[in-house]
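Form predicted alone, single chain, as C-alpha coordinates, below.
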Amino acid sequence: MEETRRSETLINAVEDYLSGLGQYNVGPLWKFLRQALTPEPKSQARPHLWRWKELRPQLLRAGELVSAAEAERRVLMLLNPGIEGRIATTHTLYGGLQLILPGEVAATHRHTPNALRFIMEGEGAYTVVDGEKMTMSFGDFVLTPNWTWHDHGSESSTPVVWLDGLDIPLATMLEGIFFEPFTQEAQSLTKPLNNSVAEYGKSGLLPTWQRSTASHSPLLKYAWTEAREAIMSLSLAAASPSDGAMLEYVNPVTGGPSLPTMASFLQRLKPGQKTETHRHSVSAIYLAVEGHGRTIIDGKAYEWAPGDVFCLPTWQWHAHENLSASTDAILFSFTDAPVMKAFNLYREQAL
(Lines give C-alpha, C1' and ligand atoms only; values in the text may rest on other atoms or scores of the structure.)
Protein backbone atom coordinates (compact mmCIF):
# COMPACT_ATOMS: atom_id res chain seq x y z
CA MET A 1 0.00 0.00 0.00
CA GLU A 2 2.81 2.39 0.96
CA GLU A 3 4.58 1.68 -2.32
CA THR A 4 1.36 2.33 -4.26
CA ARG A 5 0.84 5.64 -2.47
CA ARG A 6 4.44 6.66 -3.25
CA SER A 7 3.91 5.75 -6.91
CA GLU A 8 0.68 7.75 -7.12
CA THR A 9 2.36 10.70 -5.45
CA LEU A 10 5.21 10.60 -7.97
CA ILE A 11 2.78 10.37 -10.91
CA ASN A 12 0.85 13.36 -9.61
CA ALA A 13 4.05 15.31 -9.08
CA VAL A 14 5.18 14.60 -12.66
CA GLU A 15 1.80 15.64 -14.06
CA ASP A 16 1.83 18.85 -12.03
CA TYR A 17 5.37 19.55 -13.20
CA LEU A 18 4.58 18.99 -16.87
CA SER A 19 1.37 21.01 -16.77
CA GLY A 20 3.24 23.93 -15.26
CA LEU A 21 6.00 24.10 -17.88
CA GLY A 22 3.83 25.96 -20.36
CA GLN A 23 4.03 29.18 -18.37
CA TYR A 24 7.78 29.26 -19.11
CA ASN A 25 7.28 28.53 -22.84
CA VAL A 26 9.23 25.29 -22.63
CA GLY A 27 8.29 21.65 -23.12
CA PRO A 28 9.69 18.19 -22.28
CA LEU A 29 11.54 16.84 -25.32
CA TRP A 30 11.49 13.32 -23.85
CA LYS A 31 7.74 13.22 -24.38
CA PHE A 32 8.03 14.06 -28.10
CA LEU A 33 11.47 12.77 -29.12
CA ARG A 34 10.22 9.88 -31.24
CA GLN A 35 7.55 12.10 -32.77
CA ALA A 36 10.17 14.65 -33.84
CA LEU A 37 12.91 12.24 -34.93
CA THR A 38 11.06 9.70 -37.08
CA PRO A 39 12.93 6.80 -38.72
CA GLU A 40 11.99 8.23 -42.13
CA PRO A 41 10.05 11.23 -43.51
CA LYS A 42 6.30 11.27 -42.90
CA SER A 43 4.77 13.87 -45.18
CA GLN A 44 1.39 15.42 -44.47
CA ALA A 45 1.01 15.96 -48.21
CA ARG A 46 -0.97 13.34 -50.11
CA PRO A 47 -0.60 12.19 -53.71
CA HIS A 48 -3.26 13.80 -55.86
CA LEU A 49 -4.12 14.19 -59.54
CA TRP A 50 -5.85 17.22 -61.08
CA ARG A 51 -7.58 16.43 -64.38
CA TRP A 52 -7.24 18.88 -67.27
CA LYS A 53 -10.66 18.02 -68.68
CA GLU A 54 -12.21 19.10 -65.37
CA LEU A 55 -10.09 22.19 -64.66
CA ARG A 56 -9.90 23.73 -68.14
CA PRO A 57 -13.64 24.67 -68.13
CA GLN A 58 -13.25 26.13 -64.63
CA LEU A 59 -10.27 28.19 -65.77
CA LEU A 60 -12.13 29.53 -68.82
CA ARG A 61 -15.11 30.35 -66.58
CA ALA A 62 -12.76 32.38 -64.37
CA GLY A 63 -11.78 34.27 -67.53
CA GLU A 64 -15.41 35.19 -68.07
CA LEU A 65 -15.95 36.37 -64.51
CA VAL A 66 -12.65 37.92 -63.41
CA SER A 67 -10.46 40.27 -65.45
CA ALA A 68 -6.67 40.15 -65.42
CA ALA A 69 -6.65 43.61 -63.86
CA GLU A 70 -8.90 42.46 -61.01
CA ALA A 71 -7.01 39.25 -60.39
CA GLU A 72 -3.46 40.49 -61.12
CA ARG A 73 -2.76 36.79 -61.74
CA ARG A 74 -5.76 34.69 -62.86
CA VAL A 75 -4.71 31.35 -61.42
CA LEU A 76 -6.41 28.25 -60.08
CA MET A 77 -4.19 26.98 -57.26
CA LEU A 78 -3.53 23.24 -57.03
CA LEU A 79 -4.05 22.67 -53.31
CA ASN A 80 -2.96 19.46 -51.64
CA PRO A 81 -5.86 17.77 -49.80
CA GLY A 82 -3.54 16.72 -46.97
CA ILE A 83 -2.24 20.20 -46.19
CA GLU A 84 -5.04 22.41 -44.95
CA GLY A 85 -4.69 26.15 -44.59
CA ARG A 86 -1.57 26.49 -46.73
CA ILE A 87 -0.99 27.51 -50.33
CA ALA A 88 0.85 24.31 -51.17
CA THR A 89 0.81 21.45 -53.67
CA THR A 90 3.56 19.61 -51.76
CA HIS A 91 5.15 20.70 -48.48
CA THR A 92 7.71 22.86 -50.38
CA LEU A 93 6.24 23.36 -53.87
CA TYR A 94 3.24 25.15 -55.29
CA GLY A 95 1.57 24.65 -58.66
CA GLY A 96 -1.21 26.59 -60.35
CA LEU A 97 -2.91 26.93 -63.72
CA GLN A 98 -2.75 30.48 -65.11
CA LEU A 99 -4.95 31.87 -67.89
CA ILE A 100 -4.36 34.97 -69.98
CA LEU A 101 -6.88 36.08 -72.60
CA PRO A 102 -6.30 37.94 -75.90
CA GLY A 103 -5.10 41.49 -75.38
CA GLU A 104 -4.68 41.20 -71.62
CA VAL A 105 -1.73 42.32 -69.53
CA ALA A 106 -0.98 40.84 -66.11
CA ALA A 107 0.58 43.71 -64.16
CA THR A 108 4.26 43.92 -63.31
CA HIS A 109 5.46 42.87 -59.87
CA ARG A 110 8.31 41.01 -58.22
CA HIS A 111 8.66 38.62 -55.29
CA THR A 112 11.25 36.51 -53.53
CA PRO A 113 9.77 33.10 -54.42
CA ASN A 114 11.29 31.67 -57.58
CA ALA A 115 8.83 30.86 -60.36
CA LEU A 116 8.73 28.76 -63.51
CA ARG A 117 6.17 28.36 -66.30
CA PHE A 118 5.41 25.50 -68.68
CA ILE A 119 3.05 26.50 -71.49
CA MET A 120 0.14 24.04 -71.74
CA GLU A 121 -2.10 25.58 -74.39
CA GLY A 122 -1.95 28.32 -77.01
CA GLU A 123 0.68 30.64 -78.41
CA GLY A 124 1.13 34.36 -78.91
CA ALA A 125 1.53 35.20 -75.23
CA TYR A 126 4.67 36.71 -73.78
CA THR A 127 6.39 37.40 -70.49
CA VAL A 128 8.78 40.22 -69.68
CA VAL A 129 11.50 39.54 -67.08
CA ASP A 130 13.69 42.47 -66.03
CA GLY A 131 13.18 44.21 -69.34
CA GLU A 132 13.51 41.13 -71.57
CA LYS A 133 10.41 40.14 -73.54
CA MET A 134 10.06 36.45 -74.34
CA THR A 135 7.48 34.87 -76.61
CA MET A 136 5.69 31.82 -75.22
CA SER A 137 4.28 28.87 -77.14
CA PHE A 138 3.13 25.38 -76.25
CA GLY A 139 5.78 23.41 -74.37
CA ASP A 140 8.11 26.34 -73.72
CA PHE A 141 9.72 26.38 -70.27
CA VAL A 142 10.21 29.89 -68.87
CA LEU A 143 11.93 31.16 -65.70
CA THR A 144 11.07 34.04 -63.39
CA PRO A 145 13.92 34.03 -60.86
CA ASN A 146 13.79 35.47 -57.36
CA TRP A 147 13.15 39.24 -57.18
CA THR A 148 12.95 39.88 -60.93
CA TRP A 149 10.32 42.26 -62.29
CA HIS A 150 7.88 40.35 -64.48
CA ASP A 151 4.62 40.87 -66.31
CA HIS A 152 2.68 38.76 -68.80
CA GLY A 153 0.61 39.67 -71.82
CA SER A 154 -1.11 38.17 -74.84
CA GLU A 155 -0.99 39.17 -78.49
CA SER A 156 -2.90 36.02 -79.36
CA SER A 157 -6.46 35.60 -80.61
CA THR A 158 -7.04 32.60 -78.33
CA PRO A 159 -6.60 31.84 -74.61
CA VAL A 160 -3.14 30.84 -73.38
CA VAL A 161 -2.69 28.61 -70.32
CA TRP A 162 0.44 27.61 -68.47
CA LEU A 163 1.46 25.69 -65.37
CA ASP A 164 2.98 27.93 -62.72
CA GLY A 165 5.55 26.44 -60.36
CA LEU A 166 6.82 28.34 -57.32
CA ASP A 167 8.64 27.63 -54.07
CA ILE A 168 6.06 29.62 -52.07
CA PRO A 169 5.56 26.94 -49.35
CA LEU A 170 9.31 26.76 -48.73
CA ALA A 171 9.78 30.54 -48.70
CA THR A 172 6.79 30.85 -46.36
CA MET A 173 8.20 28.31 -43.90
CA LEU A 174 11.51 30.20 -43.97
CA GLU A 175 9.60 33.48 -43.49
CA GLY A 176 11.36 34.89 -46.53
CA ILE A 177 8.42 36.28 -48.52
CA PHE A 178 8.87 39.77 -49.95
CA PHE A 179 6.60 41.28 -52.63
CA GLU A 180 6.54 44.59 -54.50
CA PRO A 181 4.22 45.93 -57.21
CA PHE A 182 5.69 47.98 -60.05
CA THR A 183 4.75 51.64 -60.47
CA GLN A 184 3.19 50.95 -63.89
CA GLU A 185 1.20 48.08 -65.40
CA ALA A 186 3.97 47.09 -67.84
CA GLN A 187 7.71 47.60 -67.60
CA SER A 188 9.90 49.09 -70.32
CA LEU A 189 11.71 46.75 -72.70
CA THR A 190 15.46 47.22 -72.26
CA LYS A 191 16.78 44.14 -74.07
CA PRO A 192 16.22 42.56 -77.49
CA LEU A 193 13.37 40.06 -77.91
CA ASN A 194 14.31 36.63 -76.52
CA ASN A 195 17.74 38.02 -75.66
CA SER A 196 18.78 35.31 -73.19
CA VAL A 197 17.91 32.65 -75.78
CA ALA A 198 20.20 34.34 -78.30
CA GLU A 199 23.05 34.57 -75.80
CA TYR A 200 22.76 31.29 -73.91
CA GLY A 201 20.40 29.07 -75.86
CA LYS A 202 22.93 27.46 -78.19
CA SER A 203 23.87 24.16 -76.62
CA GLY A 204 27.53 24.10 -75.61
CA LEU A 205 28.27 27.60 -76.91
CA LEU A 206 28.54 30.65 -74.65
CA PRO A 207 29.69 34.26 -75.15
CA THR A 208 33.35 34.57 -74.15
CA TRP A 209 32.78 37.97 -72.57
CA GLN A 210 29.87 37.05 -70.34
CA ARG A 211 29.68 34.57 -67.48
CA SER A 212 26.68 34.84 -65.18
CA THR A 213 27.38 34.67 -61.46
CA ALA A 214 23.71 34.55 -60.47
CA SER A 215 22.35 31.52 -58.66
CA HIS A 216 19.74 31.03 -61.38
CA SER A 217 20.12 30.21 -65.05
CA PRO A 218 20.85 33.21 -67.31
CA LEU A 219 18.81 31.41 -69.98
CA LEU A 220 15.22 32.40 -69.23
CA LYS A 221 13.38 30.42 -71.94
CA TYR A 222 13.95 26.82 -73.05
CA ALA A 223 12.06 26.30 -76.30
CA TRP A 224 9.85 23.22 -76.69
CA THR A 225 11.01 22.56 -80.23
CA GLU A 226 14.58 22.02 -79.03
CA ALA A 227 13.65 20.28 -75.78
CA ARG A 228 11.39 17.77 -77.50
CA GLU A 229 13.97 17.03 -80.15
CA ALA A 230 16.55 16.43 -77.42
CA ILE A 231 14.37 14.06 -75.38
CA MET A 232 13.26 12.14 -78.47
CA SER A 233 16.82 11.70 -79.72
CA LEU A 234 18.19 10.66 -76.34
CA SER A 235 19.54 7.14 -76.36
CA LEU A 236 17.27 4.75 -74.48
CA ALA A 237 20.20 2.42 -73.85
CA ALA A 238 21.40 4.65 -71.02
CA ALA A 239 17.93 5.44 -69.68
CA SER A 240 17.29 5.26 -65.95
CA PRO A 241 15.39 2.11 -64.89
CA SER A 242 13.47 4.31 -62.42
CA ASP A 243 12.71 7.33 -64.62
CA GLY A 244 13.14 6.33 -68.26
CA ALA A 245 14.97 8.71 -70.60
CA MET A 246 15.25 11.92 -68.60
CA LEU A 247 16.74 15.37 -69.22
CA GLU A 248 17.15 18.29 -66.82
CA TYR A 249 16.71 21.94 -67.75
CA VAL A 250 20.09 23.13 -66.51
CA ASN A 251 21.94 26.38 -66.07
CA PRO A 252 24.09 26.49 -69.26
CA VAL A 253 26.96 28.18 -67.41
CA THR A 254 27.24 25.92 -64.37
CA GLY A 255 25.42 22.74 -65.38
CA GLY A 256 23.42 23.06 -62.15
CA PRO A 257 19.65 23.43 -61.70
CA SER A 258 17.87 26.20 -63.58
CA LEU A 259 16.68 27.74 -60.28
CA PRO A 260 18.43 27.51 -56.90
CA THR A 261 15.41 25.94 -55.17
CA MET A 262 13.76 23.95 -57.96
CA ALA A 263 15.04 21.49 -60.56
CA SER A 264 12.98 20.81 -63.69
CA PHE A 265 12.92 17.81 -66.00
CA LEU A 266 11.53 16.18 -69.12
CA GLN A 267 11.23 12.42 -69.19
CA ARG A 268 10.21 10.04 -71.94
CA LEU A 269 8.64 6.64 -71.54
CA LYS A 270 8.74 4.39 -74.59
CA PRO A 271 5.60 2.47 -75.61
CA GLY A 272 4.59 -0.02 -72.94
CA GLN A 273 7.46 0.91 -70.65
CA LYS A 274 7.07 0.54 -66.90
CA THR A 275 9.81 1.96 -64.69
CA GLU A 276 11.17 0.27 -61.62
CA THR A 277 9.70 1.33 -58.30
CA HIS A 278 11.79 3.65 -56.15
CA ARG A 279 11.46 6.53 -53.71
CA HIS A 280 13.45 9.63 -52.88
CA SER A 281 13.48 12.39 -50.29
CA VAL A 282 12.27 15.06 -52.70
CA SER A 283 8.74 16.06 -53.58
CA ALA A 284 7.66 16.65 -57.17
CA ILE A 285 4.89 18.07 -59.33
CA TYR A 286 4.31 16.39 -62.71
CA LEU A 287 2.54 17.55 -65.86
CA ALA A 288 1.59 15.04 -68.56
CA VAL A 289 2.65 16.62 -71.86
CA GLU A 290 2.19 13.79 -74.34
CA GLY A 291 0.78 10.29 -74.19
CA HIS A 292 -1.37 8.33 -71.80
CA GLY A 293 -0.04 6.52 -68.77
CA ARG A 294 -0.26 6.00 -65.07
CA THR A 295 1.89 6.48 -62.01
CA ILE A 296 1.64 4.10 -59.07
CA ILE A 297 2.24 5.95 -55.79
CA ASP A 298 2.30 3.86 -52.62
CA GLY A 299 0.22 1.20 -54.34
CA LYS A 300 -2.45 3.49 -55.81
CA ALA A 301 -2.71 4.16 -59.55
CA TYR A 302 -3.08 7.71 -60.88
CA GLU A 303 -3.91 7.54 -64.58
CA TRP A 304 -2.95 10.61 -66.61
CA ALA A 305 -3.48 12.14 -70.04
CA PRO A 306 -2.13 15.37 -71.61
CA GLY A 307 -2.74 18.38 -69.36
CA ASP A 308 -3.22 16.39 -66.17
CA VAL A 309 -1.10 17.40 -63.17
CA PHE A 310 -0.22 15.20 -60.21
CA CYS A 311 1.97 15.58 -57.15
CA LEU A 312 4.37 13.17 -55.49
CA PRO A 313 5.08 13.77 -51.78
CA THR A 314 8.51 13.01 -50.41
CA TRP A 315 9.68 9.43 -49.71
CA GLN A 316 6.80 7.64 -51.38
CA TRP A 317 7.25 4.55 -53.53
CA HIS A 318 6.37 5.27 -57.16
CA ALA A 319 6.69 3.94 -60.69
CA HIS A 320 5.58 5.29 -64.08
CA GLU A 321 3.99 3.32 -66.90
CA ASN A 322 3.23 4.23 -70.51
CA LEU A 323 -0.10 2.59 -71.30
CA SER A 324 0.25 2.96 -75.06
CA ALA A 325 1.74 0.17 -77.15
CA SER A 326 2.61 2.47 -80.04
CA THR A 327 3.40 6.03 -78.88
CA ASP A 328 5.84 7.63 -76.44
CA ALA A 329 4.75 9.47 -73.31
CA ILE A 330 6.43 12.66 -72.08
CA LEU A 331 6.22 14.08 -68.57
CA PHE A 332 7.43 17.47 -67.36
CA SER A 333 8.24 17.78 -63.65
CA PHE A 334 9.83 20.06 -61.11
CA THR A 335 11.17 19.14 -57.68
CA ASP A 336 12.78 20.57 -54.56
CA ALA A 337 15.95 18.50 -55.11
CA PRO A 338 18.38 21.48 -55.05
CA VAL A 339 17.28 22.36 -51.51
CA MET A 340 17.41 18.79 -50.23
CA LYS A 341 20.85 18.24 -51.76
CA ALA A 342 22.19 21.56 -50.46
CA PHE A 343 21.28 20.52 -46.90
CA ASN A 344 22.52 16.94 -47.39
CA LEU A 345 19.00 15.59 -46.93
CA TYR A 346 18.75 13.77 -50.26
CA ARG A 347 18.18 10.04 -50.15
CA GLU A 348 17.06 7.57 -52.83
CA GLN A 349 16.06 3.94 -52.50
CA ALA A 350 15.09 1.24 -54.97
CA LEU A 351 12.39 -1.21 -53.98
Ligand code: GTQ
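Quantities reported herein were computed from a predicted structural model and do not represent experimental measurements. The numbering used is simple: start at 1 and walk along the sequence shown.
This protein has a second form, the form predicted in complex with this ligand, left out of what is shown; the following refers to that one.
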Heavy atom to heavy atom, is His111 within 4.5 Å of this ligand in the model of the complex?
yes
Does this ligand come within 4.5 Å of any heavy atom of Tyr222 in the model of the complex?
no
Report whether the minimum heavy atom distance between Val75 and this ligand in the model of the complex is within 4.5 Å.
yes
Given that the partner is absent here, does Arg279 sit within 4.5 Å of this ligand in the model of the complex, heavy atoms only?
no
Using a 4.5 Å heavy atom cut-off, which residue among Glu132, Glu248, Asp164, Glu104 comes into contact with this ligand in the model of the complex?
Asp164
None of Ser196, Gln98, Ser156, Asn146 but one has a heavy atom within 4.5 Å of this ligand in the model of the complex; the exception is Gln98
Considering this ligand in the model of the complex, find the one stretch among 90 to 98, 265 to 273, 234 to 242, 251 to 259 with heavy atoms no farther than 4.5 Å from it.
90 to 98
Taking this ligand in the model of the complex, which residues of 135 to 155 have any heavy atom within 4.5 Å of it?
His150, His152
